[in-house]
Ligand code: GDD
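Given next, in structure tokens, is a single chain: the form predicted on its own.
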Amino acid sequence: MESSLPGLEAILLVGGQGTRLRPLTLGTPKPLLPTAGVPFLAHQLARARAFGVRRIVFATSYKAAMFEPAFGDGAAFGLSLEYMTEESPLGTGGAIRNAAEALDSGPGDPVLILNGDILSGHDIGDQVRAHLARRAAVTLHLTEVDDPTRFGCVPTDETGRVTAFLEKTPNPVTNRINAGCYVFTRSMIDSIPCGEVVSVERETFPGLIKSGELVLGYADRTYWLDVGTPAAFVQGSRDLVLGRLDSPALPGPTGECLALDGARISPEAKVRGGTAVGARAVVEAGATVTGSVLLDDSVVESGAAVTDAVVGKGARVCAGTVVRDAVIGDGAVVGPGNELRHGVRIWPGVELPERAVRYSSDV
């Protein structure tokens, strides 16, 4: 990921509450959730640095005080980090405008905007170069999906100019959707009203299109994932561990399993499918863990089977329990013989007795 864009500044949008990921986000903002062994944002920061970004401003709101202790001044990533907090949520546009107060860039300079819940393998440097070459007001990363009916779509003309932002429809005109990574010319950010709630998707981008400014689409089909749901969060961690998406922040080699310091995995256990095993976590003999995230100090007892799931910090999955496509909250205990499937979420601290739950809803 060699870059010819030294000095590029970025704004990282990390203000969302992550409600779709509860209970994982009750105590931790979504961008700080451990993902393939490190906080999710570590992957974004490392990739941004590899493309020549030198300075990033965090646009924070929900649990804002947790970000600076996690990343400090950014020196560990070869970055300079600043933190700007919204007193009340300002929407995507308002957050960008608020964070821009900490930028050094001039009116004609490009500014990269990253969303704090996206994993992407696209070439950020190429997107910025396209923006500069066309002298665009904004350049949007567009990803191509197999089923665009689940998203709003973004049509472009033959030159790549974005012509509209369309809501979800059963008959989309294109399979290209907004992938959540933008390059703004700094003067366009400064045109966003200061201190007001503004959505770039519903207000800023349509307004620029209507006024005749060049809103450019940068489309590709590289790896892309919105990690806003538990299933997507697990998939993102799994894909990073398996090497389906390269990340300079991965704290170990890619493979079937990534185990952090102090993790204890029995030689008689099967841990595979891109599973991440947190510090001091335990997987006992006879247990099977596939494509899952085991957070620090969690325990999977003998004979338990955990698949496509999250086991929270200090949580325990007892002997003989089956967990598939589920979330076990921090400190929860799932008693022997339970069977949790179909998106079940066990809330922090809950203790389920033996064989208490089968295919249950949230507990």
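Keep in mind that this is a model prediction, so the values were computed, not measured. Note that the rigid core is defined as the largest set of C-alphas that superpose within 1.5 Å between two forms. Residues carry their position along the shown sequence, with the first being 1.
Keep in mind that the form predicted in complex with this ligand is not shown, yet the notes after this line are about it.
J.: Just one of 263-271, 215-223, 233-241, 81-89 has heavy atoms within 4.5 Å of this ligand in the predicted bound form; which?
T.: Stretch 81-89 is the one.
J.: Work out which of 120, 127, 185, 178 lies within 4.5 Å of this ligand in the predicted bound form, going by heavy atoms.
T.: When this ligand is considered in the predicted bound form, the option within 4.5 Å is 178.
J.: Could you tell me which one of 201, 284, 256, 144 places a heavy atom within 4.5 Å of this ligand in the predicted bound form?
T.: Checking each option against this ligand in the predicted bound form, the one that comes within 4.5 Å is 201.
J.: Can you work out whether this ligand is within 4.5 angstroms of a heavy atom in all three of 23, 312 and 344 in the predicted bound form?
T.: No residue of the spot touches this ligand in the predicted bound form.
J.: Does residue 104 reach this ligand in the predicted bound form if we count a contact as any heavy atom within 4.5 Å?
T.: It does not: once this ligand is placed as it appears in the predicted bound form, residue 104 has no heavy atom within 4.5 Å of it.
J.: So, residue 151 and this ligand: in the predicted bound form, are they within 4.5 Å at any heavy atom pair?
T.: Although this ligand is absent here, residue 151 would touch it in the predicted bound form, with heavy atoms inside 4.5 Å.
J.: In the predicted bound form, does residue 110 come within 4.5 Å of this ligand, counting heavy atoms only?
T.: Heavy-atom contact with this ligand at 4.5 Å: absent for residue 110.
J.: In the predicted bound form, is there a heavy atom of this ligand that lies within 4.5 Å of any heavy atom of residue 247, even though the partner is absent here?
T.: Residue 247: no, not in contact with this ligand in the predicted bound form.
J.: At a 4.5 angstroms cut-off on non-hydrogen atoms, which residues of 204-219 are near this ligand in the predicted bound form? List them in order.
T.: Sequence-ordered list is empty.
J.: On a core-based superposition, does residue 229 travel 2 Å or more at its Cα between this form and the one not shown?
T.: After core superposition, the displacement of the residue 229 C-alpha between this form and the one not shown stays below 2 Å, so no.
J.: Once the two forms are fit on the core, has residue 101 moved its CA by at least 2 Å between this form and the one not shown?
T.: The answer is no; the displacement is under 2 Å.
J.: Return yes or no for residue 187: a CA shift of at least 2 Å between this form and the one not shown, with the rigid core superposed?
T.: Superposed on the core, residue 187 moves its C-alpha less than 2 Å between this form and the one not shown.
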